[in-house]
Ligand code: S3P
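What follows is a single chain, given as structure tokens, in the form predicted on its own.
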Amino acid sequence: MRYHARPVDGPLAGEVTVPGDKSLSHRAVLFSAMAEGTSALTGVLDSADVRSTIEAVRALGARVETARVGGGLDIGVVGWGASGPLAPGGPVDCGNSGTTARLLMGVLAGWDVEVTLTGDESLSRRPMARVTAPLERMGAAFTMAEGDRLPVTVHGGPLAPIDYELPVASAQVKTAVLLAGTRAPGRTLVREPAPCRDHTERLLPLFGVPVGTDAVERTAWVDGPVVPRAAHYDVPGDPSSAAFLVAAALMVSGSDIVLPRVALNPTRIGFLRVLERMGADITVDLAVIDPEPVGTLRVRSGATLAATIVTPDEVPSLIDEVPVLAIVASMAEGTTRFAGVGELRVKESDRLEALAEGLRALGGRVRSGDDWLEVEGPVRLAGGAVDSRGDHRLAMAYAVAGLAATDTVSIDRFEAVDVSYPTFTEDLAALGVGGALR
């Protein structure tokens, strides 16, 4: 599917509530499936990735009922609890969702089941050994395709606790190990080289699983065995989705938008800190912390933006927002450098290579290396044709670029946005973006 992003005639204005957070939606569904009893979830993201998780836990024996409410999903989940997951009738399809595949490995590792996890062509190119390595040390076994990729068969069984130091900061690996730790007798501890998303540590206690943390030592741990308990949870808006609307407002002169009820977890809003450092006018109004910080963003354009350096330590808190930050950097004075972003090469696409190629196709001044990207500005991007490579973050970043380009930006494989933000074009339209036909 091709999407035509056309330059807008006037400023963006209004209020939009972005869909539920993808990371929290995955975890809420998984933890509910693991739990004893019936959980009630509201505001769950209705996207292809989250649907993959829902179908996966159904295949493993959880009973799930869904109802679409206000653009999201209300879900009731009867978990398998202490009886454990059932062996499915065939392979479990994780679609395009790396979160589904990697977290399920941790969920299944401690149960006497054999489950084969598959995925689409894109997911089947992504590495899985970083997850299976610590789980094998705990006692699980895995059979993987050549190159340590999907399909992966999990051979679960009794586990031993582990004290594990992550080679690279990864919330998915950390979560997989902690979830496996709920089945191991004793303390399972994970050490991080840099802070990464802590949704699991915040959300598991809501489901009756105490999680210890030490911010100074960058550690998190669980004491097992422990069976999660059913819970009620209302998923807040996704900051990674909000980032595209924030960037859109900054790209279009005179814009003034409000985004209520956005999750503001410090490990997820590095992009806001970078934009504020560049001079963007963004107001953050924190409302509640239960168990995640949630609040309202107001974004006003007009300020002259200055280039900055994004350091490797910052990258885990903004890895998904690098594409749209690069678009904003094209209009900033000077050269913005993104250092330590090699992780982009193992996303839904080689996101680093694809981003550099796409920006150049639109007239951007870009340089890149194995793990870095530089964008020189200010440059008004031109129209042209780009390919999302089936990557939802690239598709939306190019759409944002088209709002302030000299001519239409045509984006191939735009249907990739359904992975995380199916209502993206509708929300842009609500802010005044017209003429972009999907």
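Just so it is clear, the structure is predicted and the values come from calculations on it, not from any experiment. Quick note: we count residues from 1 along the sequence shown, nothing fancier.
Below: the form predicted in complex with ligand S3P, not depicted.
Shown alone here, residue 197 lies within 4.5 Å of ligand S3P in the predicted complex, counting heavy atoms only. Although the partner is absent from this view, residue 314 stays clear of ligand S3P in the predicted complex, with no non-hydrogen atom inside 4.5 angstroms.
Although the partner is absent from this view, residue 171 contacts ligand S3P in the predicted complex, with a non-hydrogen atom inside 4.5 angstroms. For the chain shown alone, residue 202 is not a contact residue for ligand S3P in the predicted complex, no non-hydrogen atom being within 4.5 angstroms. A heavy atom within 4.5 Å of ligand S3P in the predicted complex is found for exactly one of 349, 99, 255, 308: 99.
Put simply, of 187, 130, 345, 149 only one has a heavy atom within 4.5 Å of ligand S3P in the predicted complex, and it is 130.
From the list 404-412, 368-376, 40-48, 23-31, the contact stretch for ligand S3P in the predicted complex under a 4.5 Å heavy atom rule is 23-31.
Along 310-328, residues 319, 320 each place a heavy atom within 4.5 Å of ligand S3P in the predicted complex.
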